[in-house]
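Take a look at this one chain, the form predicted alone, written out in structure tokens.
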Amino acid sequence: MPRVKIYQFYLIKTSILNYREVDGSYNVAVAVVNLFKNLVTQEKWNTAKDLINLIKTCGKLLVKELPLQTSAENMIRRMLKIVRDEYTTACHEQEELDIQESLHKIVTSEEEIDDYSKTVAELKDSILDHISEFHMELETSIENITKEAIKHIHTSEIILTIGKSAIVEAFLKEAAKHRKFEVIVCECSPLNYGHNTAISLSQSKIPTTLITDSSIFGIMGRVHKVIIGTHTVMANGGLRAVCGTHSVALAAKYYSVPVIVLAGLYKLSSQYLISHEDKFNQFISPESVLKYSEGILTSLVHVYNPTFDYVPPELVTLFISNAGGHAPSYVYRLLSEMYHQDDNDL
């Protein structure tokens, strides 16, 4: 791997400090794309292989410092895929694949590419153009998802959601322009993210009811659809979502209520759940669950306050991304389009 220079370390460390002040997976994804766009522009590299090694080296620094920000890791893999695609396109610019071409030839065409060490004219401009296009795709991702709202929310329906998600709020507000419906918001204790969502929706004149998490199962029988956001979509179609989401999904399955997950493609991860403690979850202060003033009791028990839940793919009915609606079983196909198999391990 190439030796990262002093100013590169400064660039990465400065960016990390900025990312920790950024709220939301979308903003982190945009920041990472901008970082690597500057890296492609300012760094000296001669071949695609040099650039791939440079991106991987800098990417490992980000992943090490931000282990739970999977959107950052996803964007690193996406940048690598863009470099590989543009190199492949440049090497085959004189060739036009026939639509009726055999599957075997399509699969093996990638193997004919060398180790990305060939010097290609105007490769830098092509990569920067592709990154700019991808940046535009990121900027319009929420708008494209919210356009699907009127297809999935109908008049007089009762929608249930949990916690706080900017994309869910935008989705519901867009639907409210055309439909009249009611929203039930689970408060997502102990952090109570749902309170902010309930206030935001009610200010937009959407009939909203805030309920405790213990009421989820009791109220689910009245619900028509569950619409939630997620922090990460795992490679098998499972979710890393705010704590309490698994309970919502289980109750929805019992009552045969469809669960719709809103997620931009930048949240699509090539990772699988291996352990709830291995780069998957974050445990925060349990003081809001069991106060430190309960001195005798706290000395006798261990209290855990996880940030995330894992929701298996069989509990999800539909994903809605900026590329449309997909079943959980289709995630593998999206992964192959978004990332290169050689970049699964950075």
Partner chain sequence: MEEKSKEEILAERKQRKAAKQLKKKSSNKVVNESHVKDKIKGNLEENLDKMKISQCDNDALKTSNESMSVNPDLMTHFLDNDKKFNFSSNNTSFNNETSSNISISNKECGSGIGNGINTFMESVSDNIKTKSQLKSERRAKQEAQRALKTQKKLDEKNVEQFETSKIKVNKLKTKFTHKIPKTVDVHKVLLFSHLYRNSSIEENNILTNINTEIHKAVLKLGVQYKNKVIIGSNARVVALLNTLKQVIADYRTPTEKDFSRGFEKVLGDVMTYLNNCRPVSVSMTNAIKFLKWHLSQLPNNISDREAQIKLREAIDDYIKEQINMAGKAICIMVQKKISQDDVILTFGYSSLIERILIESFQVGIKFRVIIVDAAPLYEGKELLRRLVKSGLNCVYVLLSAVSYIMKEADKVLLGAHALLTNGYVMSRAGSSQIALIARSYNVPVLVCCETHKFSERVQTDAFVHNELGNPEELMKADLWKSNNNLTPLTLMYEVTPSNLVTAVVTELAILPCTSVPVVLRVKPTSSTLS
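The structure displayed is predicted, hence computed values, not measured ones. Numbering follows the first chain given and starts at 1.
One more form of this protein, predicted in complex with the partner chain, exists but is not displayed; see below.
Only one of the listed residues (142, 235, 206, 128) places a non-hydrogen atom within 4.5 angstroms of the partner chain in the predicted bound form, and that residue is 206. 214 is the sole member of 117, 89, 214, 132 with a non-hydrogen atom lying within 4.5 angstroms of the partner chain in the predicted bound form. Residues within 4.5 angstroms of the partner chain in the predicted bound form, judged by any non-hydrogen atom, belong to 283-291 and to none of the other stretches in 316-324, 46-54, 25-33, 283-291. Taking the partner from elsewhere, residue 272 is found to have every heavy atom lying beyond 4.5 Å of the partner chain in the predicted bound form. Contact annotation for residue 244: at least one heavy atom lies within 4.5 Å of the partner chain in the predicted bound form. In the predicted bound form, at least one heavy atom of residue 199 sits within 4.5 Å of a heavy atom of the partner chain.
Using a 4.5 angstroms threshold between heavy atoms, residue 154 stays clear of the partner chain in the predicted bound form. The three marked residues, 158, 187 and 195, each reach the partner chain in the predicted bound form, with a heavy atom inside 4.5 Å. Taking the partner chain as it sits in the predicted bound form, the stretch 218-237 comes within 4.5 angstroms of it through a non-hydrogen atom at 218, 219, 222.
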